[in-house]
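So this first bit is one chain, no partners, the form predicted on its own, shown in structure tokens.
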Amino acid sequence: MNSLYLVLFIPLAGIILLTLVTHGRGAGWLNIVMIFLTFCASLTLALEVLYQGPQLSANRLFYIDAFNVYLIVLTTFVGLNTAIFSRPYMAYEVERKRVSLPQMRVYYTMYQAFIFAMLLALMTNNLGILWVAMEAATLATVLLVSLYRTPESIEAAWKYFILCGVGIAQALFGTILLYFAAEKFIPDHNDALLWSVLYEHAHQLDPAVVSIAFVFLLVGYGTKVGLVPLHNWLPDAHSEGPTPMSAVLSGLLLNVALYALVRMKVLVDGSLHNELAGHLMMGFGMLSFLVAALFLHRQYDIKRLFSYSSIEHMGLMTFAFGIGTPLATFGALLHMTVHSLTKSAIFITVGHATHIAGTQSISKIRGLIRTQPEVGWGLLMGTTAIAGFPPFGLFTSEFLLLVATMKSYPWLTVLLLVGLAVAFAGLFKNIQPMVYGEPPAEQKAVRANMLPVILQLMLVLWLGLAIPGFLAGWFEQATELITGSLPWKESL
């Protein structure tokens, strides 16, 4: 149980220490050390859950089970790799005079604050604290989006703040409605927002109130997920903020928002005993998937290109959780994992590519394989993985989703296949000249640390070939929690 508190305490201590650091260049190393310690603590916590089962803290404020424990490890792992990338990347930004040393300290302090908020959202048992943690993550990333202090970055930060602020306000109202539905039959009103208590008494929740609550929760947390038509903040935030922030936004924040939404869906399903929540998620998910796939063909900024790819994949995951069958849910959990690893690796590569070309414009990034082969190959392999090519893990998760769709809603399979084909064409139409084209004379190689990219893409490849037993066990336990059944029982 001590590891549970360590996972939260270490990034909190990192916020304080990085605030006190007066020399911005040393902040990068301190940031790496703090994230590394958090990652080690998360591994210890995962082993405790693996061998002892779900963990509930003495005050019942924190609850760790198979659903959130693997996301905690994933969050700290991606956070660590991005921190390793951040140090040389931000140092180069200082050399280019885009960022000052005091701004570097702000960047690393907010990085730790973001990690802390994400972990708090994943670990809390209280739905009110979950909302507070999501709002804290928004405030931390607003400061990161506006770090460059250009008119475009400030505009993007304001758009992010306003849209997500309005969205998270809807989630607050939905949370209040859940409390209203629960306090009628829970003697101690302090327990009326504890997820573990609500899960046990979900069948007693007023179906009418819960239905209205889920609509607000879907709009609120769906804004953070990036679901269409609530997605407009995401491409701007990606394109105007530092590239490491794009990696953690796509790899972590979107996952945690979807995690919150699925937790709410479990309660709604237990109360309504119908497919209202699932159908709403399927509708928003499919709309997001198709719109994002089309928008991939109209992008001129490399970071905006991959931000729309994130919207596409979050739409797929939302659609899969909406189907709600064990097979679809297992595929969605796997997709959350491999998408986070792949997309954060892609954004690390994109950061190096923009430094090589000196621009984010797709039309001016050319011939990366000739200029700096490791960056060119990293971008090509990352794009191949995110497009769902075998044997990478995204092929496996998308195949599971296709099979689940054919079994439950066969008429939607055509839409999925068309969307995947359109997205593939949109990605490779832009990537091919960036990787293989003729490089401009002024395009020069830069210092690039591709180790995090190689490590994460190798993990995605491994998960496409064989899922480790302990990870499959976590996915199966999480699937049973969400759906009430196991994937292998679906075929019996």
Partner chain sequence: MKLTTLTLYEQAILVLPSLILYTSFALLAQNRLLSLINIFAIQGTLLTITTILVALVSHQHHLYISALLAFGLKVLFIPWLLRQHVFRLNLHHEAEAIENPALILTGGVALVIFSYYVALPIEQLSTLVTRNTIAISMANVLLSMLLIIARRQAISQVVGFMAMENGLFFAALVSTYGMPMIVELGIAFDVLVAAVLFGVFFFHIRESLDTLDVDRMNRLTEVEKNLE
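Residue numbers count along the first chain shown, from 1. All values reported here derive from a predicted model rather than from experimental measurement.
Below: the form predicted in complex with the partner chain, not depicted.
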Open item on the list: Looking at heavy atoms inside 4.5 Å, which stretch does the partner chain contact in the model of the complex, given the options 327-335, 340-348, 250-258, 303-311?
Closed with: 303-311
Task: Three-residue site G165, Y179 and K364 fully in contact with the partner chain in the model of the complex at 4.5 Å by heavy atom - done: yes
Task: Contact assignment for the partner chain in the model of the complex, among L272, I129, L412, I369, heavy atom within 4.5 Å - done: I129
Open item on the list: Within 4.5 Å, heavy atoms only, which of V94, V422, L172, V266 is in contact with the partner chain in the model of the complex?
Closed with: L172
Task: is_contact(V142, the partner chain) in the model of the complex, heavy atom dist at most 4.5 Å - done: yes
Open item on the list: At 4.5 Å between heavy atoms, is A466 in contact with the partner chain in the model of the complex?
Closed with: no
- [ ] Decide whether S146 counts as a contact residue for the partner chain in the model of the complex under a heavy atom distance cut-off of 4.5 Å.
- [x] yes
Open item on the list: With the partner left out here, check for me: in the model of the complex, does some heavy atom of L400 sit within 4.5 Å of the partner chain?
Closed with: no
TODO: Taking only heavy atoms into account, state which residues of 184-215 are within 4.5 Å of the partner chain in the model of the complex, ordered by sequence.
DONE: K184, H189, N190, L193, D206, A208, V209, I212
